[in-house]
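Only one chain is included here, represented as structure tokens and corresponding to the form predicted on its own.
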Amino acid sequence: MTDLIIIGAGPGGYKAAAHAAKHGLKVTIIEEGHVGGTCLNVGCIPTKTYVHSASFEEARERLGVVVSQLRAGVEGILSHPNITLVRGKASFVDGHTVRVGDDMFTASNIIIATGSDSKLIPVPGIDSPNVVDSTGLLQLDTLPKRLCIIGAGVIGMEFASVFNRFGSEVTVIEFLKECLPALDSDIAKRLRKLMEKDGISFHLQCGVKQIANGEVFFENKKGQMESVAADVILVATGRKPRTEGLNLEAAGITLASNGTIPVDENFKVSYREDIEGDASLFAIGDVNGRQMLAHAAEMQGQHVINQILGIEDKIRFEVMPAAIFTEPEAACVGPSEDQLKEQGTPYECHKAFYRANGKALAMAETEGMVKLCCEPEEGRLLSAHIFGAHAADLVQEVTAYITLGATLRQLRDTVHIHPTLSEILIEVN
């Protein structure tokens, strides 16, 4: 018997384990693969290693070093005396018991933190040998001369930017009207135009119909069929929760229609009353589908542990920043102007451009724009959508103001170091 079982040692799982152990809980954490999850091993960290490498060859050399070093760090965290790391595949026996091989583990609290897998589109030829997901692309030994990317979300856009810089001929096919649908459409369009200037080809409002003989066949917005030849085809059309083999039925858990584990505002899972066991079940991170971001999983895990310990926190999960590490970066927090219009929310929009900022000029990083939205009368900040150098850092500052319910006036009244890019935030008009 242990206080807490965590299934999955990704960012949500291992951070939750560390938080729980620090407060005296006995934790058993179960992982069938490498600790660190998708983010560390085949996601955020490897991708950013590619982003910050000068060439494909350098990226390949640095990747193993970076991942190994960080993985060792996670294993160090999980070596805490209150944490037991169990290697293997977990499956539920009942509402408070989990099996790993021949071993049984029981706890009064169980957290499911199994993450997600790449989601492939159901078209003929999707199983062709030159079709890869993001994991497969990171495992390539040679730089593809021609890379076709299906999907212009975060993963697709980041890899498009990276491989274009490495020297690949990159084509992106997207079903929607614009890339990066979570980003303000004005920001997304400007970023795409910059990427087009760098040589990346975009086909928007196009639906892929077939993959055959190294070609991607798609229907354009006029209803005409076109095709793109490629050496490697990356499918970057989203991710799906990883729940296979967990035997959730034994715990009385029923998946939602989209494959996620339904949770309440505290990430608690409801289960059938006829199931044996009275453990509190939780699901955090990608598997609940709320916000598929590593830092969202971390904060959800922290909140769950706080709930178990009876600690009150004031984490605002609706204020969730996100970044896209293209060249230049893009980042956002809060609803886009498009979403505010659709919701009928009254707002004011304020903009500023990198080209008017001294630090941006000194850095030769003049391509970029800041868009802040706030309430029309009180001026309470609602959102920030930015593209340009260090956009993620600028959005992080605004995230703090939004979390505290601050106004645009309070942001402008805060002294900013000169010269810095952050001065752009107080130069909006």
Ligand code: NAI
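Just so we're clear, the structure is a prediction, and the values are computed from it rather than from any experiment. One rule holds for the numbers: they count along the sequence shown, beginning at 1.
From this point on, the text means the form predicted together with the named molecule, which you will not see here.
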Segment that reaches the named molecule in the predicted complex - one of 169-177, 249-257, 71-79, 298-306, heavy atoms within 4.5 Å: 169-177
Indicate whether the named molecule has at least one heavy atom within 4.5 Å of a heavy atom of T237 in the predicted complex. yes
Please check if M292 has a heavy atom lying within 4.5 Å of any heavy atom of the named molecule in the predicted complex. yes
4.5 angstroms heavy atom contact with the named molecule in the predicted complex for Y354: no
May I ask you to state whether A212 is within 4.5 Å of the named molecule in the predicted complex, using heavy atom distances? no
Consider the chain as shown here, without its partner, and state which of I83, V154, V228, V263 has a heavy atom within 4.5 Å of the named molecule in the predicted complex. V154
Taking the named molecule in the predicted complex, which residues of 316-355 have any heavy atom within 4.5 Å of it? A323, I324, F325
